[in-house]
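Below sits a lone chain in structure tokens, taken as the form predicted on its own.
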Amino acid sequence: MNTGKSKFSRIYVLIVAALLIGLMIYSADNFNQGKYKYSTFLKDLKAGKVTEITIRQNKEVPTGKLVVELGKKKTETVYVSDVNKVLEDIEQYNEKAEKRIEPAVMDVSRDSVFVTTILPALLMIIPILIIFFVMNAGAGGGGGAKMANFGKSRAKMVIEVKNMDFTKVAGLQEEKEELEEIVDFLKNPKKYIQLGARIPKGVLLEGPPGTGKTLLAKATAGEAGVPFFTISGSDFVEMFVGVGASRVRDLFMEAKRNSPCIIFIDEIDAVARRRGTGMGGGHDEREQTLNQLLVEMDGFGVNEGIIVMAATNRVDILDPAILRPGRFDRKVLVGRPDVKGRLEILEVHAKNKALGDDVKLEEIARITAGFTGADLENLLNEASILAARKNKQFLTQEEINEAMIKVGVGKEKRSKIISEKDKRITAYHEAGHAILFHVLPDVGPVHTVSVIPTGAGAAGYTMPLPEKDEMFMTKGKMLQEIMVSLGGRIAEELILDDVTTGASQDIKQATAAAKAMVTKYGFTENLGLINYNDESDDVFIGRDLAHSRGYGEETASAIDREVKSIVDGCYKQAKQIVEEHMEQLHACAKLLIEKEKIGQQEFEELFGTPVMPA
């Protein structure tokens, strides 16, 4: 808080206000015509009320101002167009009156220097000063919005990151071990320097969104106990050329004054994208900012004690120059947690929550395969909100299950009115998916089947229950997932007289998976182990204005045939499985129409229980 500036501003306001009030008082006489008329003056004169008269002539003779004293300290003013006429009227009165009134005629008034020169100047300057003051005050309130500070860094410096260390970060054991060396160097740099070791100048944290990259950076600064500068990559880039590079210089100058320290650049891909990919060439503002960042990280200058940490989930589009050793020496992959990591994360987020006896964090960790740390925190938070809405004192498994559905497929819309026909179509559609989830060995088992519409626009959903984390996707599992996607459409064809548009998203997913098998993973014998995938990021980055395929028309036709062959083969197998389990299909659909939602135990009990078609 700048007390000196605020005090000066208050004095400035008072001076301007005093000048304005003075001008108003001074000019009140000149602009106030009053209600006293010349006819009223003549009546008062004949009635003997007037005791004294003063005539003040103007430069525009014979005009003037008549000041009339009416006794008892009452004074009136009236402007006249002819002073001579006033003198004649007064002389006529004196001829008849017992007591004469001799008017005091003042000389022609001369305007002062203040009125002729200073006043007009003030009337022009004061509005300008007021506008300047308002703009200056607004710029001061916006922090870096002043033109003088436009090139200043917007990084926020935290002298000490309190209540934050590696114990607050769960599920990232190997990642923390890599960063502990950075922390040890910041605490004890001498033992590394004596052995001739060079500490990494930069650490790049890469991984999917929500995996804890920013949390790791904060924990590193808190563990080391050094100043922590944090800034977003987009804060460097501005419309004006040269501003980004100036902010980079200012950031590193400030860091040198506070070394040893950590600079953390979040979402660095906003400023460090590959050069030569824009329309502006070398004069592009973003490229100039990146060039300055490259120089500061490993140029001729020496940045001792400064460690740059950055986070991104698009490492594939970063400029190669910033990824070389000497700039970002270490690349730490922060991936999705495994079942052990998810349990640790759930335990951290559940510390301040009242959990019921039926809540098993181990079970939640097992069924949340693929969830990031942010997803797990959101899951428990949504469950807490649901429990509070129900006026419960603690969380139960019921709220966890509801939150799982809300996070996974969207909030259920129980109030939506659905016709019996649509409910029957949805029931058979979801039963088709569920049967394939149950029968096929690599994609099940089923956790929940529902015909309740969701906020995501789906008429129903079938949620599987992953039993284990898998690092790789096999060809057999991909084929089974395509079969599951086609299960809803197959059930509609077998039971209904017609097919619906409800399987459009399923068909899209099946086609995408089959195309990936052919073009990316080499899961086809006819085309061999060649990557035909043309969905690169070149156009998105801006490197090429046109997109071209790396293969000919004949190969494109072969790819189309292979994709169709895979989908047709999966369709044939899936249809055979559904036809073999028609009893379970009818039983599941009937139960869904009746109860709207069934769990894993109810679904598995259907196998072996013959029922009539719904």
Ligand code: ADP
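Keep in mind it's a predicted model, so treat the numbers as computed, not measured. For every residue, the number given is its place in the sequence shown, counted from 1.
Quick note: we don't show the form predicted together with this ligand, though the next part is all about it.
For Arg286, no non-hydrogen atom is located within 4.5 Å of this ligand in the predicted bound form, even though that partner is not displayed.
In the predicted bound form, this ligand stays beyond 4.5 Å of every heavy atom belonging to Asp422. With a 4.5 Å cutoff on heavy atoms, Asp269 does not count as touching this ligand in the predicted bound form; it lies far away. Although the partner is absent from this view, His349 contacts this ligand in the predicted bound form, with a non-hydrogen atom inside 4.5 angstroms.
Note on the partner interface in the predicted bound form: the residue among Ser384, Thr500, Asn291, Thr214 having a heavy atom within 4.5 angstroms of this ligand is Thr214. In summary, among the residues Asp506, Asp329, Asp250, Glu377, the only one with a non-hydrogen atom within 4.5 Å of this ligand in the predicted bound form is Glu377. Comparing 81-89, 219-227, 422-430, 166-174 against this ligand in the predicted bound form, the single stretch with non-hydrogen atoms within 4.5 angstroms of it is 166-174.
For the stretch 438-452, the set of residues having any non-hydrogen atom within 4.5 angstroms of this ligand in the predicted bound form is empty.
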